[in-house]
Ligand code: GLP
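Next up: just one chain, as structure tokens, the form predicted alone.
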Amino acid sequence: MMRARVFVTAEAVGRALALDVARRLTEQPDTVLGLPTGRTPIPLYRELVRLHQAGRVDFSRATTFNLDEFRGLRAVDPRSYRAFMRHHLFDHVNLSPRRIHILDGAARDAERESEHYERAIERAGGIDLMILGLGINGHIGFNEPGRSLVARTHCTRLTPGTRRANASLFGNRASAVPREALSMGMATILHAKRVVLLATGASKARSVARMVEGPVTTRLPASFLQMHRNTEIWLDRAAAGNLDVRIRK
């Protein structure tokens, strides 16, 4: 069953979830986190950095696994998701480099890299808290709508809409966005002990409503979260516009 929490602004969502993560790390310092990229989690990362600088959150024993990475980009490429994470979080908190895991977009053998990532998650004991974003078309990670979904970490072809949504990382040129990416699969995501999906902005309202109220379908990958026993959706007022829920200040 999905539980919804709705806040007035995207910044309020980020602040609240940052406090939730900080409490989790205090109670369980060796927590394994699944982390997203994109515009939606930036307020979360900004607040986590602030809390760390204030001495209120310690990442020294935490482990992270990012959801996805563009195919063909090296780790040092400023357009990569690794660079994004360094800029917004990793370079500003005390995460151990050896506990940071991001798929290698430049790996020659995508299948082998995917299998290696799955084994690394297994060795870490699984993901305790998976934080997700939501694509306008209902994708999570880079699990795109289609006739079927791949269960585990894999190489996937990106839709034109997803490439347009990521154009800001590539000089606002959708044509420059890689056509493929590596991504955790839906089964990998659903094996997390707890899932929190973030969605902000009016452009996400339709997908949010379909995710919560519609059928489970590969045409809307996020709908599979209905099958997870411990899923929460954290929304701002705009993203919750098509739902009948109470707004938290």
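Don't overthink the numbering: it's just position in the shown sequence, from 1. The shown structure was predicted, so the numbers you read here are calculated from the model rather than taken from an experiment.
Quick note: we don't show the form predicted together with this ligand, though the next part is all about it.
Engineer: Go through Gly34, Gly185, Pro221, Pro41 and name the one with a heavy atom inside 4.5 Å of this ligand in the model of the complex.
Structural biologist: So the residue touching this ligand in the model of the complex, by this definition, is Pro41.
Engineer: Give a yes/no on whether Tyr117 approaches this ligand to within 4.5 Å in the model of the complex, heavy atoms considered.
Structural biologist: It does not: once this ligand is placed as it appears in the model of the complex, Tyr117 has no heavy atom within 4.5 Å of it.
Engineer: How about Phe90 - does it come within 4.5 Å of this ligand in the model of the complex, if we only consider non-hydrogen atoms?
Structural biologist: No, no contact at 4.5 Å.
Engineer: Would Gly135 count as touching this ligand in the model of the complex under a 4.5 Å heavy atom rule?
Structural biologist: Yes.
Engineer: Contact with this ligand in the model of the complex for Thr162, defined as at least one heavy atom pair within 4.5 Å: yes or no?
Structural biologist: Because a heavy atom of Thr162 falls inside 4.5 Å of this ligand in the model of the complex, the answer is yes.
Engineer: What stretch, of 95 to 103, 170 to 178, 138 to 146, 119 to 127, brings heavy atoms to within 4.5 Å of this ligand in the model of the complex?
Structural biologist: Result for this chain: 138 to 146.
Engineer: Which residues in 74 to 107 have a heavy atom within 4.5 Å of this ligand in the model of the complex?
Structural biologist: Sequence-ordered list has one entry, Tyr81.
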